[in-house]
Structures are given as C-alpha cells and as structure tokens.
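What follows is a single chain, given as structure tokens, in the form predicted on its own.
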Amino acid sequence: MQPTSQVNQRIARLAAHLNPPNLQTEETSGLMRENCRAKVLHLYDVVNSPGVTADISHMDTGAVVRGFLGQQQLEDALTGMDLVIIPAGVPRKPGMTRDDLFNINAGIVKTLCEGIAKCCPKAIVNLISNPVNSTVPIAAEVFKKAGTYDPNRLLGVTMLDVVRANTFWIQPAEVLGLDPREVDVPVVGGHAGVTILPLLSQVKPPCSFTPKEIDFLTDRIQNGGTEVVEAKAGTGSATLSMAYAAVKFADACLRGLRGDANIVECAYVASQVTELPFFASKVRLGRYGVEEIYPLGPLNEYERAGLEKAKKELAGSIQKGVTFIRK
C-alpha cells in the first residue's frame, strides 16, 4: 500500500475524454477543474480539444489543464491518470433511445478502454457513454482481453438518475424548504427506461406516497432524459444536469481515493446482488474503487415487480455489450 502522502500527491490526476465534443463534456471538464481535489486535468478529443482546453485553462483554480488531440495523443492523455471519465459519444435526439446510440458509442468506448488498459490499467473508470447498460460490459470485456480487468475499478455512472429522483421527490411530497441534496432516493437496476428503478420505499427522510404518486414519480425518473431531449427539440440531450451528476460522482470517487470514510453512492457495477453480472445499487467507494456492494434491502410489491422488468431488459443489454467484443 502506498504511503498516505504519496496518495494525496496523486489523488486527483484526471483524464476527461471528449470524443466527440458536446456541451456535456465541456461542462464536465469545467466543473472538474473547479473541483479542489483535481490537481491535473487531461482533456482528450478527436477534434476541438485545444479550444476547450484554452477556455477551461482561464479558470482561476489550482488544477493544471492539458489538452490532447487525436488518436496519436491518446496514450499521452491517459498515462499517469488515477481517474478516467468517459462521457464520449453522440447525444440522443428526439425519438431515439439510449440503445440507438450503441453502434457509434460502442466503438468509441472500446478504443478508449484499450488505451486505458495499456496506459493506466489501475485507474478508476467512470463510464458515462450511453447505453451504459451495454458499454460497461464492453469495457469489462476489453479489460479482460488485456488482462487488466479489476471489477472494482469500473463504474457505470447512474448518478443522474439519483439526482433526478432526489429532485422530483420533493414535488409530490410537498416538503417546503427541503434541499434536494438532503434527500436520498436509492435508484437501482440500470440506466435506461424500465431498468431505472427508484426505491421510493427507502427514501430518506421517510415519506409515504399514494399509488398514483409512485407511478408518476417512477415514470418521470425513468424518462427524465427523454423529457429533456423533447424539450430541447432536436438541439441536444441532457448535458448540464449530466455534467453536474458526472462531477458529483467523480468527486465521490476522489474522496474515496483520498481515504475518506463512508462514501456511498449508486453505480452500475459488476455485482452479485442479482443473478445478472452487472447491476446498479449502492456501493461504498474507497482507495481501490468499489469496496463494498450493498444489498437492495426490503422492497415493496411495486418495486419487486419493477425489479423483474428491469432484470429482463438488462439481461439483453448486457449480452449485447459482451457480444460486441466477443464476436
């Protein structure tokens, strides 16, 4: 184990992959530079990274920002990184599901993960690229082929589902003056449609809902991304809220790397919580990524039915990712 002083010196070396560019990745990069735990921030893209790097470098924070452009600089971008954030890929447009993005984003994730396996195999990987239910299995298969797979260091980012659940919960609950950041709604399963399962029976602070409220909340949380896509009318998908959620989760990983105790968040990881090889649930983060995966806890009848729907959908998405690499 490395001395604490060495860990603290290296704690926030980051690689944010911007491939191809979009507002979400620019916002994520900017927010990461603002993070006081980020000391070195590497920005990689196949186009336009010099402009994004110049823009972000003007922020008056302590983080050193370096930009890398094109496949020939990917290894330089990744070397020495402790945390790699992958928001790469194309955004959704009206009428598209996350799964519609598979053919484009799967290849991008494969390329980036091959670079990680070669240049920073011990890095913790935060995978945001959709469809997360399939891209995390893709990353796992790439790392297995390279002989570097550590399931504790590969995390699919489902934080936006939690952020939405915490925010949407306040409206039907009519809790005046309560900050959404004080709310904790566990969201398990995956990161698309019916695989997103908010456990409203376990919300903190405790609250009871009518069946109608449960249906409304669950549907809105599951389709929050579509709500934004449709509101933007073809100009993009959820970028600002996703950037916020991405940085919130990355900060939790950084605090875990630093050795902070009791860092618990929901994430899509290799899991034995169900019979599926990957599943999102609460995990405890530490110096080596995931240190503990928590069981689902007591579920009510509505949640048990939702769990079965989620697992059925997840199984096909997971297999699709695995097949992409093994074919």
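Residues carry their position along the shown sequence, with the first being 1. All figures in this text were calculated on a predicted structure; none of them were measured in a lab.
FYI, the form predicted together with (2S)-2-hydroxybutanedioic acid (LMR) isn't displayed, but the following is about it.
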All three of Asn130, Arg164 and Gly225 touching (2S)-2-hydroxybutanedioic acid (LMR) in the model of the complex at 4.5 Å, heavy atom to heavy atom? yes
Among Leu160, Ala88, Val185, Leu197, which has any heavy atom within 4.5 Å of (2S)-2-hydroxybutanedioic acid (LMR) in the model of the complex? Leu160
Between Cys207, Ala238, Cys119, Ile170, only one gets a heavy atom within 4.5 angstroms of (2S)-2-hydroxybutanedioic acid (LMR) in the model of the complex; which residue is that? Ala238
I'd like to know if Val229 sits close to (2S)-2-hydroxybutanedioic acid (LMR) in the model of the complex, meaning any non-hydrogen atom pair within 4.5 angstroms. yes
With the cut-off set at 4.5 Å between non-hydrogen atoms, does Met242 touch (2S)-2-hydroxybutanedioic acid (LMR) in the model of the complex? yes
Hey, in the model of the complex, is Lys110 touching (2S)-2-hydroxybutanedioic acid (LMR), heavy atoms inside 4.5 Å? no
Is there any non-hydrogen atom of Arg92 lying within 4.5 Å of (2S)-2-hydroxybutanedioic acid (LMR) in the model of the complex? yes
Just to confirm the contact call: exactly one of 72 to 80, 137 to 145, 229 to 237, 209 to 217 touches (2S)-2-hydroxybutanedioic acid (LMR) in the model of the complex at a 4.5 Å heavy atom cutoff, so which is it? 229 to 237
Counting only heavy atoms, which residues in 280 to 300 are within 4.5 Å of (2S)-2-hydroxybutanedioic acid (LMR) in the model of the complex? none
